[in-house]
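Just one chain follows, in the form predicted on its own, and it is written as structure tokens.
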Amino acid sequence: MEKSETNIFFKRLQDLLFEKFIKGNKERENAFKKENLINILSPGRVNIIGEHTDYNLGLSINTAINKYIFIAGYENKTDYVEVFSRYLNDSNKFSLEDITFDKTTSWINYIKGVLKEYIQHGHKIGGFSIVVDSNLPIGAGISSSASLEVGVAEFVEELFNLKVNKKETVKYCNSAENNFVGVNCGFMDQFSVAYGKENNVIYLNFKDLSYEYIPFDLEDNLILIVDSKEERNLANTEYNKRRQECNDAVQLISKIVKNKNIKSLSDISLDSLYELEDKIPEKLFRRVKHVVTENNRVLLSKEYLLKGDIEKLGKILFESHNSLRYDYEVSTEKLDYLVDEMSKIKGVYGVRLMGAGFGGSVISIVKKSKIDSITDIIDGKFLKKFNVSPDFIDCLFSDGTRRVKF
């Protein structure tokens, strides 16, 4: 995203902040100085490979992208938090003394949950007013929730000069989504948003959150996200059920092989996988198979990235989708259609569903010169079959959440 475009977003937010929270209040008008504003740029994320491996303590390759949530705000010297979302055209106000789950306004819970984590960990936070905007689509599988969480976390750390290690920030935001919002997600989304690096992807081991950057200059290619427009609400889908199935499988397998060191599905090797096929229920075996083979696909992808072999990386994406489709059973008719049809088009290296599944988007790596023909073909076919046009989001890799100063 161009710097000038970023500046336009923040200028608009600053004007909106004044209009919503300061104008007409003499005390606030007298105290208001633009240089005291905190401006935060928080990216979305893509997961190149390694789906549903995070909560199974496995591997993934992911990164932040140049689509963002924008936050601008200031300390309001009260014990209240005031929020206006330009993107949703909605506002909310709550007391820091009584942070409770809001059953009617779901988006505010991501902010509330993060603040509750900081307070519970002994950090002193006062009242503030913020406005939020976004060019990051909600529900498309590119982590608008994690972007908002990490963005708010960065905002309060900057505003109140909190000394928090970046990994702790990730853990606070993940706990907020797990324990306050009620979505049992792993660490990948928040980690990618916080640790993104331009022209690099992150090879991440969820067992200990160790990571390394792998250079990945897309050069003549792009990441193309295709949003199926099939909405999903992770807290109300079978996502949590998949997590439970994985936990059940771990307990069962550790008893069968009499090995207490098996604490996650990622402790099971590719070699030992098929020895379990007749020993556990067929559905659980397929769940295990996806996780174990997906970890192996991440290792292969790392190798291909280091060699610069984008064609082999693309084939891995197709293999990942088939595993998610048949073994993990998180795909849908629309997502399968997008993958199947895109696989026929020249200039497409690889495609797979991205995120938890049950709707949302597919991720693909495509030739930049072919982007218009790819989108035209898919738009026409998808519209004809499903009577709705998908959204197309082309993106590059970005640095992680950060404060922007003018």
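From 1 onward, residues are counted along the sequence shown. As the structure is a prediction and not an experimental result, all values here were calculated from the model.
Note that the form predicted in complex with alpha-D-galactopyranose (GLA) isn't included here; everything after this is about it.
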Subject >> Contact label in the predicted bound form: residue 189 to alpha-D-galactopyranose (GLA), heavy atom within 4.5 Å >> reply: yes
Subject >> Partner contact for residue 356 in the predicted bound form: alpha-D-galactopyranose (GLA), 4.5 angstroms, heavy atom >> reply: yes
Original post:
Using 4.5 Å between non-hydrogen atoms, is residue 107 touching alpha-D-galactopyranose (GLA) in the predicted bound form?
Top reply: no
Subject >> Contact of residue 239 with alpha-D-galactopyranose (GLA) in the predicted bound form (heavy atom, 4.5 Å) >> reply: yes
**OP:** Select, from the options 258-266, 108-116, 130-138, 181-189, the stretch whose residues sit within 4.5 angstroms of alpha-D-galactopyranose (GLA) in the predicted bound form by heavy atom distance.
**Re:** 181-189
**OP:** Report the residue, out of 349, 55, 32, 337, that has at least one non-hydrogen atom within 4.5 angstroms of alpha-D-galactopyranose (GLA) in the predicted bound form.
**Re:** 55
